[in-house]
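As a starting point, one isolated chain is supplied in structure tokens, in the form predicted on its own.
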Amino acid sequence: MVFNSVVFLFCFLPLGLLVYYLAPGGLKNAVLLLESLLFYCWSDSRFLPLIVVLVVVNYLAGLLMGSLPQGQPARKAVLAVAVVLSAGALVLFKYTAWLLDTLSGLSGLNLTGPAILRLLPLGISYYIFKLISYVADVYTGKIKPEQDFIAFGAYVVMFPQLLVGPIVKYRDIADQLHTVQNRCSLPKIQAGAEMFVFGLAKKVLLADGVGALWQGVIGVWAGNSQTTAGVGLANASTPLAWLGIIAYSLQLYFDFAGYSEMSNGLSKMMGFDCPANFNLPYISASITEFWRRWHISLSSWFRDYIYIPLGGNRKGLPRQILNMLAVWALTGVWHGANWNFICWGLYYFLLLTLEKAFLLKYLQKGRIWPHIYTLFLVVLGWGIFTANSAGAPLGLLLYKLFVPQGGVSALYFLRSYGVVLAAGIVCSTPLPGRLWAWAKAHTPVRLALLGGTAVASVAYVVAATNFAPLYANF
């Protein structure tokens, strides 16, 4: 079940909120936990035992570490066991099939493994990182272990954050989990509903709309066969190839940012204030700034639990570069079990290292060219990111982008998708935020904008644009 579906919008969401609001304050966490488990099982109940076991293991690990004094070696042993079990589950289900396929290709053997290891459990990349951050914070003394198992379970499997995050740390919402009275105020519900509506619009109006352009260029593939009409990247002209990869860049942003905004809106409607996951990343003037604005929760997770524990920038430049290499290699691996994701992570490691070494000081002095530089490299990076998709091999894409050639013209696609492309570009800037800030001071305008956006978005959902979010696959 996805947020942009008829079942969720007209069944699960209204009934779930009604029961949650009617529940007494002391029972809200229990209701949230039950609703989250129902949401999880609705999609695939086969992995329910896995998430239950991991929740229990990390809950008990937190209690055990809390009962041991700081500095005692047993605390570190408990942390190691909890992290190994959690990370091991992620590796087992997310990377085993890829590793076996790689070994099969190298050795010539037929290494397949159990069929279940080729299935990706719902949300595993996100809830595993939640669990690791929790036990790590308990170990370092940043938080006290959660005593209430219901509250802890509700935090881990909270359905607004289950499918594609964001990765919210326990310490960010611990107090709200224990707020019994007035957790759900009318201003929070209103603000959350507005966030959800605009996030839904980003997903179904912009991401799905502009994504059709990219699919029109490469076609939709199943296995080695093209299943729907598309000109095919091999037949595209250089301008059309650039138009397609720009469309994919906009699709990825609005898909993920929209879903994150829906997630935070739902969380706020249920009484939880969660940090924003995106902050207009395409207006960045450096790659360094871009990663402060894109997938903020993931960047902060790697900073807090990988980069800083490895020494950060405290042990000299060579060690800092080595720490950055570890972080970006893991960032690439986290995004998926494929070599293109590893190359994508290393690509950003190289760019960030160059900026840190000498380039950033020049970028900070520029006005226009730093934005062009950043957008060019980010769009090129998305070409690496999507290189495992059928129909868009990296070699062919780079050839089409950088070796001028003829082919199918971009004019037809511009006529068909020009409006949604223009809307996507405008909505990547601060302009819509400024418009909304003005509209909030004028109630009729605010209601008209909100109502029109909601009606248009729901109309598209009813028309079956219930495409799963792209980051659900990661």
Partner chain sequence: MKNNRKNVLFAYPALSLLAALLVGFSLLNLFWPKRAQSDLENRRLAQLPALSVQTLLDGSWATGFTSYMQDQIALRDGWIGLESAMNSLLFQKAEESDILLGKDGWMFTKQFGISDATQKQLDKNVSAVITFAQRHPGQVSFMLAPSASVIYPEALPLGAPMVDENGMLDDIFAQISPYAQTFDLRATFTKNKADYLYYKTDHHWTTHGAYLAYQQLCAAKGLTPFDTAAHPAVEVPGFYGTHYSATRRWNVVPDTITYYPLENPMTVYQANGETDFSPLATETMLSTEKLSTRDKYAAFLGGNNGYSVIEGNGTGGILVVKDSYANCFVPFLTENYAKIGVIDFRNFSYGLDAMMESEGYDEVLILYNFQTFIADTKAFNISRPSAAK
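Positions refer to the first chain, counted from 1. Keep in mind that what you see is a predicted model, and the values were worked out from it rather than measured.
Keep in mind that the form predicted in complex with the partner chain is missing from the display, and what follows is about it.
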In the model of the complex, the residue from 30, 411, 437, 426 that sits within 4.5 Å of the partner chain by heavy atoms: 411
The unique member of 379, 394, 193, 346 whose heavy atoms fall within 4.5 Å of the partner chain in the model of the complex: 193
Check all three, 60, 97 and 331, heavy atom within 4.5 Å of the partner chain in the model of the complex: no
4.5 Å heavy atom contact, residue 417 and the partner chain in the model of the complex: yes
Residue 216 within 4.5 Å of the partner chain in the model of the complex, heavy atoms: yes
Partner contact for residue 405 in the model of the complex: the partner chain, 4.5 angstroms, heavy atom: no
The partner chain contact at residue 187 in the model of the complex, heavy atom, 4.5 Å: yes
Per-stretch contact check against the partner chain in the model of the complex, the hit in 62-70, 48-56, 426-434, 442-450 (non-hydrogen atom, 4.5 angstroms): 442-450
